[in-house]
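Before any questions on how it binds or moves, here is one chain, the form predicted alone, in structure tokens.
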Amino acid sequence: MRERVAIAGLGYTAFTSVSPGSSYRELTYEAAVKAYEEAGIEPKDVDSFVCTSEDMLEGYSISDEYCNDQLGAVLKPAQTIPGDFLHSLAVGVMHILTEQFDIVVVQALSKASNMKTIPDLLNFAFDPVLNRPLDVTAYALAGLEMNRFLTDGRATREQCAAVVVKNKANALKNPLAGYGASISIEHVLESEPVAEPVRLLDIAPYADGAVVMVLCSEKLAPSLTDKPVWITGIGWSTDSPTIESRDWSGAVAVRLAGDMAYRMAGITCPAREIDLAEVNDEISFKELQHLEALRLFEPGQAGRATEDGQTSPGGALPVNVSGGGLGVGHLFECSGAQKVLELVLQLRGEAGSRQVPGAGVGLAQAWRGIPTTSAAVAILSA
């Protein structure tokens, strides 16, 4: 990289199952005000805005038109990414690396509680000719993929349930998380069947929330923050949308996105160089699959590592200390933002009772969820 890019300001709301007191515009406004205050800037100081929005999940056509007012971006350079926050973060980083912009604001939100037909919305991501007419839910695909993962010997059913137990327990120490709980493996295995072997507690429940971050160039960072967190690597990749031709056992797009981010960050041995990771766990087994795709564990070893406590707080590689999607909630386009938020707090030493001692390098990974194969990875350092 020619110049480093810093996260200089952070604004966020709590992540909750419902937010009846705030519209999605007000959620973004609350987060934006906090981010600008922390960085000591006003919207007029921002050179470019990158919003994250998916029309179907916002309930509006051309929903990006509704991002500008609450960010202070009217008549300023602004664009919308219909992906995860990490995709928007990549665009923001590239803006600064062009040396044409010094301050870029990146935003994402979830107002999932507004949407009453989310399973039907997810089904629209299926091929309209081959798959959608089958009239199955996207969770049926998750069940098939999890069956393949287990049949290939990548983990046991109990190890997948251990992911849920760990992440919901982690969320109890996160005041922003909406789904913390003290449960057992038996609770997970005996919860309501959804699409065998996927049970209700294996699935990250939906949540509302918003995150806004102020990015800046290396030369400007000292004037905006005394605790910069550097984005040292970022990568993204998408596999085939066709479920008949994709790899069901691995997560190829996650592996390629991770490798791209590692190359940029100069990381050659992720398992030794990453201090903590926040990865997608929308379905319990996905945390294990993603950890292996990211080369943080050998194939077939992430489940055992979880069982042995290696991915718990205090373990060799703490994973989803925030609670992950299972404990914080599934935030759709805002999912990657919650993961970067947790890393920033950890790398600043501001994570309170869940602080990972000596955290210096963190990894955030996002996946756009079933039935997609879009992934992105960011490497952050103190």
Partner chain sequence: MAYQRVAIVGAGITKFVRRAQETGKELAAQASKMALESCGMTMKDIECVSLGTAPDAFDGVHMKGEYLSDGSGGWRKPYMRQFVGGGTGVFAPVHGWYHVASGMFDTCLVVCSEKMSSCHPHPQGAFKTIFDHTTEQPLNPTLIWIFALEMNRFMSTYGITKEEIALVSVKNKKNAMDHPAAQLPMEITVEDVMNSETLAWPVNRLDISPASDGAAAIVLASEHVAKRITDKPVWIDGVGWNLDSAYWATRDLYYPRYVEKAARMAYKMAGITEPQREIEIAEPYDPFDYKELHHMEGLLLADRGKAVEMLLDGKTQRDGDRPMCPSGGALGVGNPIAATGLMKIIEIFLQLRGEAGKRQVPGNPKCGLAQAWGDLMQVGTVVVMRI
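All values reported here derive from a predicted model rather than from experimental measurement. Residue numbers count along the first chain shown, from 1.
Beyond what is shown, the protein has a form predicted together with the partner chain; the following relates to that form.
- With respect to the partner chain in the predicted bound form, the three residues Pro82, Ser237 and Met260 uniformly fall within 4.5 angstroms at the level of their nearest heavy atom.
- For the partner chain in the predicted bound form, the listed stretch (248 to 256, 297 to 305, 206 to 214, 192 to 200) containing residues with heavy atoms inside 4.5 Å is 248 to 256.
- Comment: the partner chain is not present in this chain, but in the predicted bound form one of Leu97, Leu172, Val136, Ile185 has a heavy atom within 4.5 Å of it, namely Leu97.
- Comment: the partner chain is not present in this chain, but in the predicted bound form one of Val91, Leu224, Val229, Ile274 has a heavy atom within 4.5 Å of it, namely Val91.
- The partner chain in the predicted bound form comes within 4.5 Å of no heavy atom belonging to Gly153.
- Among residues of the shown chain, Leu144 is not one whose heavy atoms approach the partner chain to within 4.5 Å in the predicted bound form.
- Under a 4.5 angstroms non-hydrogen atom cutoff, the partner chain in the predicted bound form lacks Phe15 among its neighbouring residues.
- Residue contact with the partner chain in the predicted bound form: Ser374 places a heavy atom within 4.5 Å of it.
- No residues of 321 to 345 lie near the partner chain in the predicted bound form, the criterion being any heavy atom within 4.5 Å.
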